[in-house]
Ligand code: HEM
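In structure tokens, the next block holds one chain alone, the form predicted alone.
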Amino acid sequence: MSGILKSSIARKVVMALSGLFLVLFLLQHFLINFTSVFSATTFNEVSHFMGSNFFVQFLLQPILILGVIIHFVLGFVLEYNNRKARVKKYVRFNGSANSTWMSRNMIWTGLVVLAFLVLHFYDFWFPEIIHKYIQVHPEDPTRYYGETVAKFTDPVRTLLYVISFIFLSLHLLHGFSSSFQSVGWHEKFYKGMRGATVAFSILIPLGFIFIAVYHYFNQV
């Protein structure tokens, strides 16, 4: 831990690993949510399994929350240190000539993604915790689909989800591929992965947007 706090390289590696872990969760989350488009029964079955499985609830879920905290905290620490370390102003150094818009604005796209996570926790995770562990309702394995699609009856909330996933795509377009560099992948393997990370960074957020828009218009 002291090494992570003192070494910028160690912080970048841990941030990259936590980011790659969150990418895996994002894919799993998308695959589950996408079932809601074509089968309420399948979505209920998968959601019930995830919501009642001890391994998922009490091991993977805390690890996921810890991964989110580590990723964003280290992101802010690295951004603060990078800004503090800059001696030359942009008047003398044209940052846009050597980097993409996504790489220069990771902190801002990250803040939007963090705000979305807060909204997502407010919409889904907190109500689920209250339902199961505070109000202690009897388990209903058919409730998940109705509770999920009801969130998308509100056009403002649906629009916020769409905007958030656009910013998530921008964040991933730089962060996903650069994570492989941070963990030491050889340049030739990195170049081979670049196309796959770009496709993932565009298609998965678009998939989430499609799910939100589909459920909104399906209820109008």
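Numbering starts at 1 and runs along the sequence shown. Fair warning: this is a prediction, and the values are worked out from it, not measured in the lab.
Below: the form predicted together with the ligand, not depicted.
Residues of just one listed stretch (50-58, 169-177, 151-159, 33-41) have heavy atoms within 4.5 Å of the ligand in the predicted bound form: 169-177. The partner is absent here, but in the predicted bound form a heavy atom of Leu20, alone among Val198, Leu20, Leu206, Ala10, sits within 4.5 Å of the ligand. Taking the partner from elsewhere, Phe126 is found to have every heavy atom lying beyond 4.5 Å of the ligand in the predicted bound form.
Although the partner is absent here, Met15 is a contact residue: one of its heavy atoms lies within 4.5 angstroms of the ligand in the predicted bound form.
Contact check for Ser182: a heavy atom falls within 4.5 Å of the ligand in the predicted bound form.
The shortest heavy atom separation between Tyr144 and the ligand in the predicted bound form exceeds 4.5 Å.
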